[in-house]
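Coming up is one lone chain in structure tokens, specifically the form predicted on its own.
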């Protein structure tokens, strides 16, 4: 089992759209996949038309009593652990845990799922907190969307500093350019300057109306039966993620 965290400390970079589509793409290749919606806003759960059961909350997650709340999606091989509004206080609960265990609590909670899934994809909230540290330590790879702008690059720099603090190798990060508009000179300039570095994958995700309309259709791109440019871009990104992970 491999754990892939789709993470950025900056909001609005296409993080949830990437988590939703990468999980779907992985399942479509025949893998058993669990998408964990860690963001209290529940956008990934919304896209898959799944609501948490009334008895599910933050306490169930942290106690390890959450397996019964995993739900199947409309797609073969893809399950989802929905978010709950109480997840907004996950950091408070983690801080209350024993300090020597708090940073690795999430990894311990996911370990029993090892025999059930090939991949666990974490859709992560945009912050720099104890939960972020848990996610980084639990993940085998951190897939990081970066819009080709200064502020998004700054978020990547902050992530690198956090990995150093946690004594993690920077090779854990698999960054890619997201929401790319090639008609914008700034986007092209940033991609040309930084895309040559190993931390960035060659694949990128364009800014398209199809991805924007996911909130209307409430499904991954390409799941309607037609192979769209956006779906093809996620296919290529998933292939490169697999290749990079196999090299580690």
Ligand SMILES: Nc1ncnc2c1ncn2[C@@H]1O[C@H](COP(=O)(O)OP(=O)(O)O)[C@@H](O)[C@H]1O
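Keep in mind it's a predicted model, so treat the numbers as computed, not measured. Numbering follows the first chain given and starts at 1.
In what follows, reference is made to the form predicted in complex with the named molecule, a form of this protein that is not presented.
Residue contact check for residue 11: one or more of its heavy atoms lie within 4.5 Å of the named molecule in the model of the complex. Residue 179 belongs to the set of residues with a heavy atom inside 4.5 Å of the named molecule in the model of the complex. The closest non-hydrogen atom of residue 56 lies beyond 4.5 Å of the named molecule in the model of the complex. Not displayed here, the named molecule is kept clear of residue 195 by more than 4.5 Å at the level of heavy atoms in the model of the complex. With the partner omitted from this view, the residue of 203, 223, 40, 208 that lies near the named molecule in the model of the complex is 208 [heavy atom within 4.5 Å]. The stretch that touches the named molecule in the model of the complex, counting heavy atoms within 4.5 Å, is 211-219, out of 186-194, 211-219, 23-31, 61-69. Residues 13, 14, 15, 16, 17 are the ones in 13-38 with at least one heavy atom within 4.5 Å of the named molecule in the model of the complex, listed in sequence order.
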